[in-house]
Each structure stands twice: as structure tokens, then as C-alpha cells.
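Read the single chain below, which is given as C-alpha cells and is the form predicted alone.
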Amino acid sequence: MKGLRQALVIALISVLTGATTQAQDATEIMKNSHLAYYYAGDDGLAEVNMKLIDKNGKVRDREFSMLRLDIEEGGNQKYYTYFRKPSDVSRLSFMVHKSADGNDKRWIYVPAVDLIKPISADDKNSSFVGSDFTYEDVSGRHWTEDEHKLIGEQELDGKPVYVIESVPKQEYKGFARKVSYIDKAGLLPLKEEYFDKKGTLVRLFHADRVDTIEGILTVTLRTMEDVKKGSKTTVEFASIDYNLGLTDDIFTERYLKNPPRQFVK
């Protein structure tokens, strides 16, 4: 009888240890994926073309410049975005001070009314300039805000990937469950599926093209699809440059109205 109890205890410890190790592995993969995707280099600049495609196939374009500065690897970051086209959003600018604790701060400058407006934390899941990406998608959701579980390994588009399920630790409007397909080689997210509380797929992300820029693997073409609405948004990055030596003062309200012309055309 004693031998049986010992065997059961050992089996239970083995299961619990295995589950804990798996969770740690999944968290480590998501951390490294987040760093590879959102923290490439110490800073970065890119020219961006965004196409908003509605369910009838009608296309609207957006063109803007994007600057990023990492304050701490895996920690605080700053983003600056300046729109050039079309005319209805020309000179509009957007800034994010991303915080590792999830309390990001966001501002938008609306030139039509010459107003700098803070964006409420509750609006982080709202559409980013009418696209299928949200404000939070621009700077990313920190990996520590979710519980992660490795649920499989498979091939996607000919590449071996980790399949990881993420569930928010606290009530969250953005999704109830997310499934990420992480490239084993470069650790970039190649596909993400977002599900609501009913288990329905509501949004779908896909990395359409990955290039090596200055020795860094970079997703240069990506798509977000709103499954319910039938719309999708593609974002193409060009003229990418890393490690420019950007300074902290660029990411202030002053430059929302007057873009830093040495970096923004």
C-alpha cells in the first residue's frame, strides 16, 4: 500500500513539474518572440504603406513614417508616427510611451482642430486610424500580461513553428484567447488567431513576408483580418533603418505638432 502511495505521489509531482516546465518554456518563447518582433535593434525608422480593404474589396491607402526608441530591452519603449497621406489624415501624428507594466500612454495630434488628445487606456483596443489593427497592436501587448501554454509544434508555410495559447491574466476586451504560431528559427510570430469569450475566431494576423534588414529578421509585410466584418488591412514597411541613435526628446508633445524633419520626410 505504501509503495502504491509513493508511486502516486511521484506520478503527481511528475505531472505538476512537467506542466510547470511547459508553462515556463511557453512564456520564454513568447518573451523572446516579443523581443524579436517589437525590440529589433535599439531603435528604428520605417516608411509605411497601409491598405484598408473592406468586405467589398474597396481599398483605401495610408502612408506614414514610424520611429521607435527602446528605453530598456523588453521594457519601456517610445513610438512616434507621422501621417502624410491621404489628405484627410495628413499631418496627423500619434505617439506611444509603452510601459512594461501595461499602463501605456498614448497621444494623437489632430491637425484639423490643432489639438493634442490623450487616448484613454480603455481605447487601446479601438481601431488604429480606421484599420483592422488596434492602437495596442502598434506597440504590442506585453507578454507578462497573459498566461502562456505550449499546445503543439507543427509546420506553417513550410516552417517549423511553436503553437502557443495565451489567455489574459485579467479581464481584457482585446481577446479571451489567442493562439500564436512562432517560427522556431527566427522566433517571429507568423500567424495569430484571436478568439472571443464564445470561442469564435474574430481576428487573424499573418506575417506575409520576412526579410533580413541590417542582419535582423524583420516582418516587412503583415495582414490583420477582421473575420466578422470581412475586412482586412495590410501593412508594408520600406526604407527600414535600425540603430539610428534616436534621442528621447523626439518622443514629446512638441514633435507631435512639428515632426522631426531629419527623420520624417
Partner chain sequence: MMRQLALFLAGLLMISAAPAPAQVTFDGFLQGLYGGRLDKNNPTATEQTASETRLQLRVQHTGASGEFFGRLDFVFDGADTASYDWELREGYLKFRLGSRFDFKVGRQVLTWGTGDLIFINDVFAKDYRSFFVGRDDQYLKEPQNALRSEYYSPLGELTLVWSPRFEPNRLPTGDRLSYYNPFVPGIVGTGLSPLYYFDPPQPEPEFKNAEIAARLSRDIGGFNVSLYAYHGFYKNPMGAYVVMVDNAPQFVPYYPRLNVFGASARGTLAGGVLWTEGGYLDSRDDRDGKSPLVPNSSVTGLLGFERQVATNLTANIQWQLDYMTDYDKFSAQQPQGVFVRDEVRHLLTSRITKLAMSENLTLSAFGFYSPTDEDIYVRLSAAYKYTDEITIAAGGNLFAGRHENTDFGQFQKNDNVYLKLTYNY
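All values reported here derive from a predicted model rather than from experimental measurement. Residue numbers count along the first chain shown, from 1. Note that the rigid core is defined as the largest set of C-alphas that superpose within 1.5 Å between two forms.
Below: the form predicted in complex with its partner chain, not depicted.
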item: Region of this chain that lies against its partner chain in the model of the complex, out of 185 to 193, 150 to 158, 124 to 132, 68 to 76 [heavy atom, 4.5 Å]; value: 124 to 132
item: Heavy atom distance at most 4.5 Å to its partner chain in the model of the complex, all of D61, R91 and S120; value: yes
item: Its partner chain contact at I116 in the model of the complex, heavy atom, 4.5 Å; value: yes
item: P86: touches its partner chain in the model of the complex, heavy atom cutoff 4.5 angstroms; value: yes
item: Interface membership of F251, its partner chain in the model of the complex, 4.5 Å heavy atom rule; value: no
item: Y255: touches its partner chain in the model of the complex, heavy atom cutoff 4.5 angstroms; value: yes
item: Residues in 226 to 241 close to its partner chain in the model of the complex, defined by a heavy atom within 4.5 Å, in order; value: K229
item: Y242 C-alpha shift between this form and the one not shown of 2 Å or more, rigid core reference; value: no
